[in-house]
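Here you'll find one protein chain in two forms, each presented separately as structure tokens under the names structure 1 and structure 2.
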Structure 1
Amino acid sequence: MKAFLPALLLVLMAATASGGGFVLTTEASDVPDDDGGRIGLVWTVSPDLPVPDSIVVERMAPGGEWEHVGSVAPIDGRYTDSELENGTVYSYRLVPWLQGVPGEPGPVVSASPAVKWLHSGRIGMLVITVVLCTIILLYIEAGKRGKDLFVRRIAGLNAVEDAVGRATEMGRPVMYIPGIMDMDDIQTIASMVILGRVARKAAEYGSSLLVPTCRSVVMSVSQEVVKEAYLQTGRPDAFRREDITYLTDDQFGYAAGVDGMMVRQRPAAIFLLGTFYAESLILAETGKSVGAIQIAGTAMVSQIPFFIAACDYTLIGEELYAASAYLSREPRLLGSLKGQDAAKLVIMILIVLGVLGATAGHWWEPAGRVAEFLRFLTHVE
């Protein structure tokens, strides 16, 4: 009797296969919102027939033979086949397995994968991106037409001339520390822009400029930036390549080397601009001990409090990135800076409207619709 039941089940499955078998419906379609190469299968099974142990998914390419591509549980009801060739029509069928014996294959379905150029779930982000880019471009165009674009005063950048002048009057050098990261770090790139400004002032006033670096590439870039600054001021003969040195890649070895230079050279002005970590307070305290005026700046949030406590001026976060536009007053850079600020204002307004709409939506239907629209705009899958 025990051996008879499995055989009976198989017979029932085979007998009903011609009428659709255990599978009631099977659908194959291209997976939406992807980069192509995938086909999704969806099926339902008959509740009147025995549930097989597993379902084997078989695929056949044009001119090929059926091949096994996956095995899933019957209750899953879906399967995704990937790594396919876009534009090629593939055929699929489902084969039930019960106690190690294959049943009659289900109906054959076909589909073709294709690349989707637009993700329907990110249309909202596309709208926001277009709006923000438009705002930035409008401000850039306004700057190119000569409109006066106001940028608030940044005390640390305004103090560059005073700091270099103080060092010149005291007959002591200026030291510029560009952080401990390489040239692939955005803060180091921003620091090189400010270095050019400091080097021009040092060349004009005849001050000695010391630039100890932690990376060899940063040293090479710093040498070229300072050399160009001396050329622009008409004093190429005053440029000393040996004042721009490489110390070590080691974090605290570099901090110890720079501290030694501070104690020996006793610079009157020290600039700490770039990426800093645990060595920030060590450098700032040593600079304070030699009596130097210090201008610091970093986007590392955890290090900003140390610079504020130990330095005379501190560029906080994005002020470091805004330095190139602030110092050069170039219309395109100023327009880009103002456009980004306006875009941030738009984002903040959307956030406030979304919060208010979601809150009021429980009592007032129009507010709920506003909240739904804002959620659609900011939806990212």
Structure 2
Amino acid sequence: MKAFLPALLLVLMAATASGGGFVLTTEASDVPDDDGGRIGLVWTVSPDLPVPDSIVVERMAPGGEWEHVGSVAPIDGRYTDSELENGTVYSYRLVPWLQGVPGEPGPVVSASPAVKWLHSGRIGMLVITVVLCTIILLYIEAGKRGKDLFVRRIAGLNAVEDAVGRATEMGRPVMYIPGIMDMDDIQTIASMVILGRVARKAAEYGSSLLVPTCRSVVMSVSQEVVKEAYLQTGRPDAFRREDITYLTDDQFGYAAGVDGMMVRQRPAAIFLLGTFYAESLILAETGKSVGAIQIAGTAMVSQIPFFIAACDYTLIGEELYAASAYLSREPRLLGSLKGQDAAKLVIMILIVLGVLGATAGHWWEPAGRVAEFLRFLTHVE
């Protein structure tokens, strides 16, 4: 304790210091919300003195001598020292170097790295996540217990069977485009879930299914999903691995490749489900030109209008994630959809409360505090 108090005092006193050389002020502090072992340095420089070639960051070694830990460009103004021991006080100084000659060192500052158990900027988000997850899990449990759950009709999903059936009747293939992002994108994952259901329908009806992909991992996952669907339907012989192909990672190269496939193979049904960017309308318009029935779905707000204009059915935002539950009608999955709706109601109430609180807060302080609390809850760093 005797050693700790002076050390703490040193840290508090020396966290910010100023000098008269090129480096005017230096500030050292623990990097917040990390797993410890890091100290951040920020500094200001004199506008009157010549700009040095570099600034060398020096740290005081246990023996009291200064050791070089890194060098940065003078204009950077910040440096992070890492792999330090938590709880130990470290002292730093900055030395400007000009034409191989060290200048006057900046002020000595000290700080101690610390470890955080919880990210302080994400506590509100944690509370909201727990509340939302609890609501959804409660509804899933209700679904499991057999509670009758009403889910509104989604036209685009009702049309899935009709689209595959139409392709079968016309003797033309079904094309499934899972977006242009990789498997770490949640929309691509949701798309893979729907692909499984579409592949089952295609296998049941005996229709061929083309899946051109933009990413190797997506191709590999698509092959497995479709293969499993064909196995489950009892048609493993109908599965054609070569119909699920990788084209290119290039956005417009992929669009050109898929457009070429559409024009040559003339699919009767096209599914565009996943993450899309500027290629969305290029694909959807080409699909329309070949006379295919098109079902699109994405959570990319900027692409939804293009799909609405060019496709027969569009799954807007959350409907993409609801597709699997809606198509399966499995009670637990439907429960999660109802939970989603209930969570939406909670968010709507919070928004209304926040708006009223922020407005009334101008005249009535407690209302302003409610708005501030809600702002804290929804603030994420």
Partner chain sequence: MRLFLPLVITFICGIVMILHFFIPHRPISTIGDGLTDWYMIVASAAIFLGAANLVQVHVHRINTKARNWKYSPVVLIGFIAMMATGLLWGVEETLPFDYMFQTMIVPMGATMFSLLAFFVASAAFRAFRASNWRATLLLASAFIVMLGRVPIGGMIWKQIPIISEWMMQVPNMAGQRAVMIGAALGVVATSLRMIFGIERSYLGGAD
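Rigid core here is just the name for the largest C-alpha set that superposes within 1.5 Å across the two forms. Along the sequence of structure 1, residues get numbers from 1 upward. Here the structure is a predicted model, which means the values were calculated and not measured.
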query: Do you reckon the form predicted in complex with its partner chain is 1 or 2?
result: 2
task: State yes or no: after fitting on the rigid core, is the Cα displacement of residue 237 between structure 1 and structure 2 at least 2 Å?
output: no
message: Is residue 220 displaced by at least 2 Å at its C-alpha between structure 1 and structure 2 when the rigid core is overlaid?
response: no
field: Rigid core fit then residue 146 CA moved by 2 Å or more between structure 1 and structure 2
entry: no
field: Cα displacement of residue 119 between structure 1 and structure 2, once the rigid core is superposed (Å)
entry: 9.6
- prompt: residue 130: how big is its Cα shift between structure 1 and structure 2, in Å, with the core superposed?
  reply: 5.3
